[in-house]
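Only one chain is included here, represented as structure tokens and corresponding to the form predicted on its own.
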Amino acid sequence: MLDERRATILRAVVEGYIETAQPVGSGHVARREGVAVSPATIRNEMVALEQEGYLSQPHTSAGRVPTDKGYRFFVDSLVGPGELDAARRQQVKSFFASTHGALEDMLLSTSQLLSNLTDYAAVVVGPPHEQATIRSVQLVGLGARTGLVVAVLSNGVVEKATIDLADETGDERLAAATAHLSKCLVGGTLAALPEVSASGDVLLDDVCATSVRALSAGHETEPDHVYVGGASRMAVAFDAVETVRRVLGTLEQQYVVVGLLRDVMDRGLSVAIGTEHGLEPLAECSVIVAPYTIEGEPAGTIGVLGPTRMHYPQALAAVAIVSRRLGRRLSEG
């Protein structure tokens, strides 16, 4: 544990480096509010903080920059996620008051909103189908021998699959199949589709069985839906082109991004700094994540990814408010 003076100096260095992206010297620290010691004392304390692994010195005679350990102390010492300014709060309010449409469109727009609020890349992982129950099922004829089965899930996802129909199948039988499927499937999940009981109509039962197989096959091949907003902002977040290339390359690998966010959440973290998340290509990045819920149940994850020199209080505030509002909006349907 750091004593109060060193803690104050370390926070001043972190805040100064976040603001300027330049190594922070003792003179800069001495001018910050709450630091009531001389530049000479500050220099001595900065040397001690460097020896303890909280700060590093890029080159001789330069100021100091925080290490991952220094950022971790700073984040852990925050009282809360901070507050968004009035303009950003209004942006969030306006977005969720007007957003509508398919779940996929809403999640993509949410990732773009979060990126705009923070100036970092934002990631939204859609709800997994395993936890979603079937709210409604509908069969629609598309032609003489083709039908469409549509299942609306409790997480807002709409699953669709085309099926082949026998010549004798008409609109009346499709309506009867819809009613029978609804009776058997509503309340169940795509991961474990309930058994569809026999109706006594062989052709109707065949349509129902075909529909269940189509929904099941579509579910088995369905990947996690990942929506990334503001990836281009990474280009201005780092000086080194190679770092930008590594970060953008990682963001394109959706399964890696999903695994990263889940791993961070599984370890009970809301912030993973630098090497803490264990993903080498993102060693110069920090990740802030939060779950969102639908009707009180965990549904998905949102997060921002930026340089370790990110504005943590603002980013934490943005992730917190967007996760709450997204969950509320999806729960309303």
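Counting begins at 1, following the sequence as shown. Remember, predicted model here, so these are calculated numbers, not experimental data. Whichever C-alpha set is largest while still superposing within 1.5 Å between the two forms counts as the rigid core.
The protein also exists as the form predicted together with a further copy of the same chain; that form is not presented, and the subsequent description refers to it.
S.K.: Okay, which stretch from 256-264, 84-92, 242-250, 203-211 lines a further copy of the same chain in the predicted bound form, with non-hydrogen atoms inside 4.5 Å?
M.R.: Heavy atoms within 4.5 Å of a further copy of the same chain in the predicted bound form occur in 242-250.
S.K.: With the partner left out of view, is Gly170 within 4.5 angstroms of a further copy of the same chain in the predicted bound form by any non-hydrogen atom?
M.R.: No.
S.K.: Can you check whether Ser216 is within 4.5 Å of a further copy of the same chain in the predicted bound form, heavy atom basis?
M.R.: Although a further copy of the same chain is absent here, Ser216 would stay clear of it in the predicted bound form, with no heavy atoms inside 4.5 Å.
S.K.: Hey, in the predicted bound form, is Val158 touching a further copy of the same chain, heavy atoms inside 4.5 Å?
M.R.: Yes.
S.K.: Might Thr189 be said to contact a further copy of the same chain in the predicted bound form, defining contact as any heavy atom within 4.5 Å?
M.R.: No - in the predicted bound form, heavy atoms of Thr189 and a further copy of the same chain never come within 4.5 Å of each other.
S.K.: Does a further copy of the same chain come within 4.5 Å of a heavy atom in each of Thr20, Ala40 and Asp119 in the predicted bound form?
M.R.: Zero of three within 4.5 Å in the predicted bound form.
S.K.: So which of Ala179, Ala166, Val150, Leu78 gets a non-hydrogen atom within 4.5 Å of a further copy of the same chain in the predicted bound form?
M.R.: Residue within 4.5 Å of the partner: Val150.
S.K.: Here the chain is shown alone; which of Ala231, Ala132, Val196, Val226 has a heavy atom within 4.5 Å of a further copy of the same chain in the predicted bound form?
M.R.: Selected residue: Ala231.
S.K.: Who in 75-113 is close to a further copy of the same chain in the predicted bound form, meaning a heavy atom within 4.5 Å?
M.R.: Gly101, Ala102, Glu104, Asp105, in sequence order.
S.K.: Look at Gly249 and decide if its Cα position differs by 2 Å or more between this form and the one not shown after superposing on the rigid core.
M.R.: For Gly249, whose C-alpha is compared between this form and the one not shown after core superposition, the shift is less than 2 Å.
S.K.: Just checking, between this form and the one not shown and with the core aligned, does Leu142 shift 2 Å or more at the CA?
M.R.: The answer is yes, as the C-alpha of Leu142 shifts between this form and the one not shown by 2 Å or more after core alignment.
S.K.: With both forms fit on the core, has Met234 moved 2 Å or more by CA between this form and the one not shown?
M.R.: Superposed on the core, Met234 moves its C-alpha less than 2 Å between this form and the one not shown.
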